[in-house]
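A single chain, nothing else alongside it, follows as structure tokens in the form predicted on its own.
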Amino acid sequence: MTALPAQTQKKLGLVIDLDICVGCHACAVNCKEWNTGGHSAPLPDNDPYGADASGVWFNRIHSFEVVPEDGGDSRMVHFPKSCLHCEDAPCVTVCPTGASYKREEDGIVLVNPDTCIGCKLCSWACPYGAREYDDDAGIMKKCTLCVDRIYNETLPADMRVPACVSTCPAGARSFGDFGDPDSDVSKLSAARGGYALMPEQNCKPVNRYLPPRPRKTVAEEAMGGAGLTPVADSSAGVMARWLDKILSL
């Protein structure tokens, strides 16, 4: 089995704002386009227009209708899911060949295709269902945080972010270093109550989800409100129950 490196000082990851994600799938499509020619290429699709379509997608978006506990109006919540680059990644420790590993320099979790034997132990160990099996190659693949892009000095500085971040039309995705408390992602997560999925699993995911904020009443909106309650009204408990329910589906 593979040992994790000592806790990395740099922790690259994503903040995903569920309050403004519109479920357009632009992040998934751009991720597929970039990565099918990048670090983990190719990303196959089998019978894409048939009844039993399958393929490798590092980023998947699930949409759910959520009904408030107080019985108010329901709303759609779009939930993008990809690898969370956990600090204590069970997919790494369970790998019998060391193919799954966590980089010491930035905390990104990757798979070495030359040593992966396709045993799928990592996919069973991941509580988030974030691993993708490539039937064509017989190996596991996963989100790389676009490692071949974020360090690519031939790209303009503002493009050295994961493909999903660069293409989001709503600005619902942010990228940065959670190991730096003064980074934009750290400050955004702290201000909005960034949520680590399924904390009871003790995986310590780096990525954070910002909870949907409850809507104001019609009367408050008519008085000129922005249509959103202050962040203090967001309930971490409600967020946890929503996401736990979503992940169990």
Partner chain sequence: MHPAKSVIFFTTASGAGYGVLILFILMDIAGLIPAGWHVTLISLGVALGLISAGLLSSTAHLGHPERAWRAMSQWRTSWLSREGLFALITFLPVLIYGAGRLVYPDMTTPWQPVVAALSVALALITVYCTAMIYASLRPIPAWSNGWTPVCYLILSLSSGAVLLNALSFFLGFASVFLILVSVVLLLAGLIVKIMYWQSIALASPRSTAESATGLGDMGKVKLFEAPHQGDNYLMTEMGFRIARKHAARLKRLVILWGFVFPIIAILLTRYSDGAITIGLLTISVLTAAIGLIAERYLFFAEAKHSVTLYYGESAV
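These numbers were taken from a predicted model, which means no experiment stands behind them. Positions refer to the first chain, counted from 1.
Keep in mind that the form predicted in complex with the partner chain is not shown, yet the notes after this line are about it.
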Worksheet item: Hey, in the model of the complex, does G176 get a heavy atom within 4.5 angstroms of the partner chain?
Response: no
Worksheet item: Taking 4.5 angstroms as the cut-off for heavy atoms, does K10 touch the partner chain in the model of the complex?
Response: no
Worksheet item: Taking the shortest heavy atom distance, is V77 within 4.5 Å of the partner chain in the model of the complex?
Response: yes
Discussion item. With the partner left out here, check for me: in the model of the complex, does some heavy atom of M140 sit within 4.5 Å of the partner chain?
Written reply: yes
Fill in: Complete contact of S54, I61 and E132 with the partner chain in the model of the complex (any heavy atom, 4.5 Å)
yes
Item to complete: Quick one: find which of 79 to 87, 152 to 160, 102 to 110, 167 to 175 has residues within 4.5 Å of the partner chain in the model of the complex by heavy atom distance.
Response: 79 to 87
Discussion item. Looking at G194, P205, G38, P212 here, can you tell me which has any non-hydrogen atom within 4.5 angstroms of the partner chain in the model of the complex?
Written reply: P212
Practice prompt. Just give me the residues of 88 to 110, first to last, that have a heavy atom within 4.5 Å of the partner chain in the model of the complex.
Written response: T93, V94, C95, P96, T97, G98
